[in-house]
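Shown next as structure tokens: one chain only, the form predicted alone.
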């Protein structure tokens, strides 16, 4: 999957699965939102779609390459978009994009994207087939 630059792809791909606000507690020492916090929001947003596809419990098994295109300021609306890429016997690959709206200037921009892989699991944590 090719990474898109800031202006290559002006609208989000996939469905909005999670929306939240960047808060001061989620910053790095320089006052921007910590990349690990963004990754966790992506994982949650991707898991919401993966659970729908798997009709039940899933776990994250892999995260593909990610590029952080720009810093996220405090107070931005953070929107996670998830799109099914491939469904295997028990795995689900999802491309996730994060877009922000900076309320200081009204600007909307993509800040990162990455591919996450989830596996359908049963109540005992064992891999199970994805129900079709």
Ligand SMILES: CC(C)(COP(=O)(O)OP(=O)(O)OC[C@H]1O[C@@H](n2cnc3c(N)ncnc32)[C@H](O)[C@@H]1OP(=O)(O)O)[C@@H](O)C(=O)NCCC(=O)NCCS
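Residue numbers count along the first chain shown, from 1. It should be emphasised that the depicted structure is a prediction, and the values quoted were computed from it without experimental measurement.
The same protein has a further form, the form predicted in complex with this ligand, not shown here; the description that follows concerns it.
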query: Segment assignment from 102 to 110, 87 to 95, 24 to 32, 66 to 74: heavy atom within 4.5 Å of this ligand in the model of the complex; finding: 87 to 95
query: Partner contact for residue 60 in the model of the complex: this ligand, 4.5 angstroms, heavy atom; finding: yes
query: Residue contact check: residue 119 to this ligand in the model of the complex, 4.5 Å heavy atom; finding: yes
